[in-house]
Every structure is written in structure tokens, then in C-alpha cells.
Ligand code: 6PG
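Only one chain is included here, represented as C-alpha cells and corresponding to the form predicted on its own.
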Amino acid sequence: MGVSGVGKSTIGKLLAQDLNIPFFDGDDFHPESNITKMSSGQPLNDDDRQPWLETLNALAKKELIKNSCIIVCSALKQKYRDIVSKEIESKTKWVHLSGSYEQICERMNSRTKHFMPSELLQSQFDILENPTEALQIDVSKTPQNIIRTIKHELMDASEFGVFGLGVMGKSLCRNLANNGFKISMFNRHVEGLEEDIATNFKTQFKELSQAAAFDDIAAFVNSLQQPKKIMLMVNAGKAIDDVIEDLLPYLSESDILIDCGNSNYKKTKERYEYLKTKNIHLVGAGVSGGEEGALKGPSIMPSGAKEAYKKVKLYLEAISAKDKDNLPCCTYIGPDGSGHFIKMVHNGIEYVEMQLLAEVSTILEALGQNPSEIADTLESWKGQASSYLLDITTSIFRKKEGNDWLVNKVLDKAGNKGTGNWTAIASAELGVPSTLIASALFTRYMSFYKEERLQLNKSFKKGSYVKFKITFNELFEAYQFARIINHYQGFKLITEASKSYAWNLNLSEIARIWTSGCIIKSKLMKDLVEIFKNTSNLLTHKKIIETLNQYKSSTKTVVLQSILNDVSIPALSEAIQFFNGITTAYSSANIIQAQRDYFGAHTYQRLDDNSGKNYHTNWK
């Protein structure tokens, strides 16, 4: 592509001959009306170009069925290029031949038998939208050098880079390679600790035969096509900042870094702004699915500048999981750090879903079931409450080691990597009562006090389980009740963040990309896709209202019986407590506000005065 007279046909023919593939000059496909118009000195408008561009798109699709081809055309605007590459974006590479007006005008004046007069050249420069996604070629070089550069950049150079070959990084590399992308892989060299990681990894899997392996940063970056697209698969925190600084000397304007770690959304925003000053793009992408998801298709939550996302969209969507309609579980979330915020909330919801299954299993044990029987009970719930976490919990309770169940041998200390903590902090900062997430988080913290728990267990006697009077159906309904409250709180946090940060987030689309590939995928999540098309408040939906009203009695029974039998169920009990609070028309907060006014003169408003006036009283 490029303005008329830049040498597209000359370079295109030479390249086609070198590669032994067909060559097509876009000018040969103009309708007669366009040729007549340009010959008379009139520039084409968008309506004139539309059918021409669509013809070139059809030509490209036809040729791709057989092999490949080279097409030359002006395609001066982005929307023109979008038409030419429609539905074949992943198989299209743009080369932009460019030069000065004076240089091109001289070339046009020297050619003969062409319907495009040099007088129209300025109009082409006027509408030219420089394509940042294209390979940029200066036509002052010799044709031989230009051909050599194009072949290196588009055939020898890798189209995508992965920095960091931990468990997730390796799986994503294989995923990219399995999707037909030529990639470069980098892992640092640490004498005696990490040596030849990338090279050894490449030899382990046949799909990586065309991948390039590096432990030298300069060589890794220089192996990539422009603009360079590098996925960072390193630990969140200072390591990300260190890697960015290591890469910066080798990056150029419009290059793109994709942070796929569990970074704090505030740090992502800071890095986004920092790199923006250097004309480097940062895409903050939350990734969920674990090692298996990274290999077979995770849920991906990218954010940043939309134009940057468009340049990596092809790769991220190709490697992501697919929903029920075979659409990618990857979508542009919004500006700056919104993608990592959404991943953070995903993890908060995940904390609660895991805690609820742990509590349900504890109750089933209290009812006398052994692990295999617990697995059978959970298995019976899959028809109505299928989810990834329910599936894996069922499998956990079936696993034996010798004559005993392995789960009975696992130390009862639950770890965390900080995202649940961040979710609780974000909720507090935004004033959103994400009480279930906080409860699940603090329960994990409590589990670490193992020695103290053992000591206190001896001092405070527990009751027996013989009085436990609940049915399996009541337990199931309580579980489902709490899950609805959990998802309400998670999406409420997203809603309030969207308002506060002006992110304009799409709840239905977020739910959709969480229906496959991620840890919290479930039947409930699939229902939420449709529900959030009509409301942003889960508790206002008719079906949800009916379900909660139906399940509330069972939830109260389960919570009451658990308390009477000294069974700790913080998430289940918090679900009903929150529900009672959020559905209370007149709460006890009037007393709190009166107390605040008493000792701190913080004032209060009155129910019998709608003016918004503040009052203060001497309560003594």
C-alpha cells in the first residue's frame, strides 16, 4: 500500500516473483467509472472506492484458498484496509511504502500510460492515515534491499514474543504455536540455575519447531516484526517494572507490551501512563484458567488503549477459550487498568466459590458422609449447579492414597497470592459491601493460625453432630442462595468501579468471557450473560428474586443448624446476613449516625425532612 507512484507495482511484482506466488495490481480492478473519474482529474470518494475494495477482499479470499498472493493498492485510510482484510485479518500482512511528496511526484511525472495524474497526488497525501500496524518501508532504498527487508520482517521475523517461561508462559507459547503463529520465546539466563530454558523447552514439543528461542534480550526483541508485540509472563510486582526497564532500550514507538500477570490494577495504570510518555503501548490483560486453560484456551481480560488492543486482538482471541457460540472468551474490557481490575474481582468471586464448597463439604461430613459420599452428593448437584470448581472439588473427594482419601491428609492452611486482599481493599476504597469476599479472605487468614486453633480447641468444647436437622436439598438451596449473593457482590463492585473510574464496562460481556476457560465458569455465569443485558443489578431480576425467595428458608435452616452444632460456615452465614441487610428498608444505621453526632458532632439528616438539611443535637 501507499500513495500512487510510490512503487507498489514494481516492488509487488519483484516480491511475487521471488516468492513464486501470484501478483495483482489493484488498479486493474477499478470499475470503468473510477478510471474515468480519475482520468478527468477528480479524486475518488469513499462511495467510489467501496466496491473496488470489496472486490480486492474477495480476490484475496479466493487466492488464500489455493495458497497466497500479493495485492498492491493505495488503501490510504484505515477503513479501506479494514475492508480489504475483512474476515482474513489473521492472514493479512500490510507493507507501507512511503517517501516524500517531491520524491513521489518526480516518479509519477516520469511514468507513462497511467490514468492517475500527478495533480491528484496531494489529495492522496492529504487523506493518508499512516498504518502503525504495517511494515514501514522507505522507498529511497534499492528494490533489492526493499525485497530483502520485507522477506526478513514478514517471513523470518516472529510475529509475537513471550517473555518468561514459567508454567503459564510455556503453556501460552504452545497455545500460540498450535494456532499457527510464529513466535519468539525468552527466558533469562542465570548461571547454574536457569540455563538454556527456552532452547530446551523448544525441543520438547513438536509444535514449537518453528519458534525461536532466546536468553538474550536484544536478540529476542530484534527477532520480532514491527510493531513488536511482547507478552510478559513474569511475577507481578517489581519484576514487571524491572523487565520493562530491561526491554525499553530495544523498543520503538508503537511497540506493545502485554502484561498477563496478576498485576494490581493501580500499578497497571501507572505503567500505562509511564510507557505512554515513551510512545510505547501497555495492554494489561488478566488471564484465568490455570496451566490447562493457558494451553487449551483461557479467559482473557485485556485493557488499555483500544488501538493497541486491536493490534494484539488477533493473537489473544485466537488462543482464548470459546463460548457456546464459538466466540472468543476475550474482549476489550476498557481503559488503563480495568482488565486487571476485572481479573481481581474474578479472583474475589473465586475465593468465595471455593469457600462455599469447603463449607458445604464440612456440613456433609458433619452429617456423616465420608469423602466418596460427599463426592456423590456434589456430583448430583451438577445438573442444576454445574461449575468448574464443583467439578474439581468432586474429583478431590474421590482421590485416594492407599486406603485413605488424600484430602484427609492435606494440611488445613489455605494460601493466597494477594488478589483476594486487593479485592477487599478495592471494595473498601469504593465503599462497596463485598462482605462475602472479605469473609472468604479472612477465613483463609484464620486457617494459618493452626497452632492457636489446636490450643483453643482443647479449651472450648464443641457440640456433637447428632442434632443436625437439615436435608440434602436444603443444603443445595443454601449453597445456590449464597452463590447468587456472591455474584451480586462481585458484579456490584465492577459496576461501582466502572462509574467511579468512567470505564463504561459491559457486565454482560464480562459474564460471557467468564463462561468458558476460567476458574469461575458455571451454569450460573451463563445465565448472567442474558440477565445483565437488561439490568446492572442482579437482585432486581425477576427470576433471581423468585429463586432467592424460594431458597431463603433453606439457607436460614442450614445456617441455624450449623451454628447450633458449632460448625464454622462464615460465607454461608454472611450470605443470609448480607441479604437481610440489603433488603431491610429501615436499618439500624440511624443509631450509628446518632452516636457519631453525640461524640463527634458529625450531624445527621431526618426522615421527616427531605430537604437534605443536616442537624446536630446536644444528646445529654
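In this text, residue numbers run from 1 along the sequence as written. Keep in mind the model is a prediction, meaning the values are calculated, not measured.
In what follows, reference is made to the form predicted together with ligand 6PG, a form of this protein that is not presented.
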Heavy atom to heavy atom, is N262 within 4.5 Å of ligand 6PG in the predicted bound form? yes
4.5 Å heavy atom contact, D255 to ligand 6PG in the predicted bound form: no
Can any non-hydrogen atom of R444 be found within 4.5 angstroms of ligand 6PG in the predicted bound form? yes
Would S516 show up as a contact with ligand 6PG in the predicted bound form if we use heavy atoms at 4.5 Å? no
Among T419, S320, S434, S74, which has any heavy atom within 4.5 Å of ligand 6PG in the predicted bound form? T419
Would you mind picking the one in R271, R483, H346, K521 that has a heavy atom within 4.5 Å of ligand 6PG in the predicted bound form? H346
Pick the stretch from 129 to 137, 229 to 237, 449 to 457, 409 to 417 whose residues have a heavy atom within 4.5 Å of ligand 6PG in the predicted bound form. 409 to 417
Heavy atoms within 4.5 Å of ligand 6PG in the predicted bound form is the criterion; list the residues of 284 to 314 that meet it. V287, S288, G289, G290
